[in-house]
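The form predicted alone is given below as one chain in structure tokens.
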Amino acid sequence: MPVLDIKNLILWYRTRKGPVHAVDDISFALEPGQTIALVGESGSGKTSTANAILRLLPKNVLRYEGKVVFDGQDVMEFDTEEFRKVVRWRGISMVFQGAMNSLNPTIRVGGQVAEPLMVHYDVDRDEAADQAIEALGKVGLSADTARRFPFELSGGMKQRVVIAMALILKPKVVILDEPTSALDVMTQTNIINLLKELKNTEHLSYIFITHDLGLASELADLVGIVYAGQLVEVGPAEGVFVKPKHPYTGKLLASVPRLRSEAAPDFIPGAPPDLTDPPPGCRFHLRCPVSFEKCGWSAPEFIEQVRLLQILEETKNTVPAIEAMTAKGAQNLLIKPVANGTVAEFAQRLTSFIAQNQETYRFLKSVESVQAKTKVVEVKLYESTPPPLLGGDWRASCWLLAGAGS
């Protein structure tokens, strides 16, 4: 039985611009002693997923729902006090990003490590201090470290202290949010080796949040690729890193420099979508090199892409002359041609341009029909729905897998 089973987790934030879909229907399971790495670009929803699991929520939460099954119990049904007593830090703890900001500079390290014992288990100060020294020893720090202040410690030592704080109550699951992001390469290696050792000796399960694919490959048994608030691929590390199923995962891996290759790293064009207005269909389709009809192009997106073609040096002279474009709903748009020939002739030129260029400019594949009207041409786009996670133990949300039998 999984020690942690996340089902359809949703966390939206309320803002003046509109609801931010930070975590949108994320599901995964974590077995005892297993590590899942959540990998993705900054702002993709990795830390928000961790906060949703631990119920560390800001005041502007608009929507928070789903199932968080820990040790066979749906802890989303617990009230705030019961969750604090049973789950947070006792069952699931967290190493927050930036150890230097996690420690109080005016309190000795030993007191900060011991504090969870006194708060959660009502342990007396002397016994808590002894257990704190023991916890510091487990992460490779000497007993005299307990008497030091945080400013007396190096970055790596501070990170070890924060890990000791997360382990002091002997949780079953530890969430590691970028635990090595502010450290040099050698210290990163030492921390990763420490985490591996603690995983074996303390029988821990980890949720490892990172944007570093190299670190993820070192520690992870499972990999979850997060994009625009959604889990787009989740599967065994040895499979995802070698032969990814989702185009976004492939582009991420291609962006990593290779030691034994002269090929230049690839890049992902564009930027992640605005999560106050996530695109229809697959959220990666705007940047995807293999997008096609079902991927979810909307009329405003189509218009924006055509306008780019009108100013690109290699296409500005081949795009049929257009006076104006207007979205007519989500999947329809009206194009008014420049007064040069009939509307029917323009429709033919547009149809020919689409047929010749749709492999190069993938958004053109979204056109279902081009129809000449009295003064304008109506372009209808294919309807689309967001792709579900397809597959068994190794799943990805891409419509290309539906035709390949996932």
Partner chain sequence: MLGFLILLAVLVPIFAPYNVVQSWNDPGAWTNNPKLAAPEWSEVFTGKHLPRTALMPYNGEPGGFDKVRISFNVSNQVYTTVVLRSSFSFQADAFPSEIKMFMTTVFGNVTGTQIKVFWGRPDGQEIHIFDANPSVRAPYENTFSLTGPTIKDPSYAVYNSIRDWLILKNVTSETEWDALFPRIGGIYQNPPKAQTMLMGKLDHSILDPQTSEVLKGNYSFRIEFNGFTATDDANARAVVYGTVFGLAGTDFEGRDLLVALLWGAPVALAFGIAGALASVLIQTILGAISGWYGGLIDEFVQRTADFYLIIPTLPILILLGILYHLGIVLILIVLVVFGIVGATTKVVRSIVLQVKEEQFIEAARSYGASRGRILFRYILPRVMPYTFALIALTVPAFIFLEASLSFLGLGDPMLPTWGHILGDAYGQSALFASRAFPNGMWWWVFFPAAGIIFTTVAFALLGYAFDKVLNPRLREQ
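Numbering follows the first chain given and starts at 1. As the structure is a prediction and not an experimental result, all values here were calculated from the model.
Below, we turn to the form predicted together with its partner chain, even though it does not appear here.
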Can you pick the one in Leu308, Val86, Ala321, Met118 that has a heavy atom within 4.5 Å of its partner chain in the model of the complex?
-> Met118
The single option of Val338, Ala355, Leu57, Leu62 touching its partner chain in the model of the complex, heavy atom within 4.5 Å = Leu57
Would you point out which of 227-235, 277-285, 207-215, 119-127 contains residues with a non-hydrogen atom within 4.5 Å of its partner chain in the model of the complex?
-> 119-127
Look up in the model of the complex whether Ser181 has a non-hydrogen atom within 4.5 angstroms of its partner chain, and give yes or no.
-> no
Is Met165 close enough to its partner chain in the model of the complex to count, meaning some heavy atom within 4.5 Å?
-> yes
Determine whether any heavy atom of Thr351 comes within 4.5 Å of a heavy atom of its partner chain in the model of the complex, and answer yes or no.
-> no
Does the 4.5 Å heavy atom contact test between Gly98 and its partner chain in the model of the complex come out positive?
-> yes
Are all three residues Ser102, Ile107 and Gly111 in contact with its partner chain in the model of the complex, where contact means a non-hydrogen atom within 4.5 Å?
-> yes
Within 14-51, which residues have a heavy atom closer than or equal to 4.5 Å from its partner chain in the model of the complex?
-> Asn51
